[in-house]
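In structure tokens, the next block holds one chain alone, the form predicted on its own.
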């Protein structure tokens, strides 16, 4: 049985550029010059999955989502 795979997605309309996500998950998120997140990597590594979950719920605007990647 294979493990579930996830990626982080940001809603650019909801995001206000607070930068909390980059502080909590710098391994995957940096900020552009205006403070908006740039997500690196197509998939959240196993070792960062729990931290990615915490980051999504810590976003003040709930602009981050963990999306499950299904094998087809």
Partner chain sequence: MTVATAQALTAVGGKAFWFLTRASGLVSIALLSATIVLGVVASVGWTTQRWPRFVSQDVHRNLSLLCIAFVAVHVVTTVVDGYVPIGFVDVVLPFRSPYRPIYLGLGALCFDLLLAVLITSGLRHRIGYGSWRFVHWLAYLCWPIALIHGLGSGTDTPLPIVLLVEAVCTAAVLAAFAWRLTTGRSLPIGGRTAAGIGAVVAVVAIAGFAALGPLRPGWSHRSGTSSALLSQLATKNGTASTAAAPPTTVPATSGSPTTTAPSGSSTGSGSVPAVPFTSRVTGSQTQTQPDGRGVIQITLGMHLQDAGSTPLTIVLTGQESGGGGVSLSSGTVAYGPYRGTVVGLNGGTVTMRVAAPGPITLVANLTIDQQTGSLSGSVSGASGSTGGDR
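Owing to the predicted nature of the structure, the values given are computational and were not obtained by experimental measurement. Residue numbers count along the first chain shown, from 1.
Omitted here: the form predicted in complex with its partner chain. The next part is about that form.
Not displayed here, its partner chain is approached by residue 59 to within 4.5 Å at the level of heavy atoms in the predicted complex.
At the 4.5 Å threshold, heavy atoms of residue 18 reach its partner chain in the predicted complex. Its partner chain is not shown here, and in the predicted complex it never comes within 4.5 Å of any heavy atom of residue 49. When contacts are judged by a 4.5 Å heavy atom cut-off, residue 10 does not count as touching its partner chain in the predicted complex. Applying a 4.5 Å heavy atom cutoff to its partner chain in the predicted complex picks out no residue from 34 to 48.
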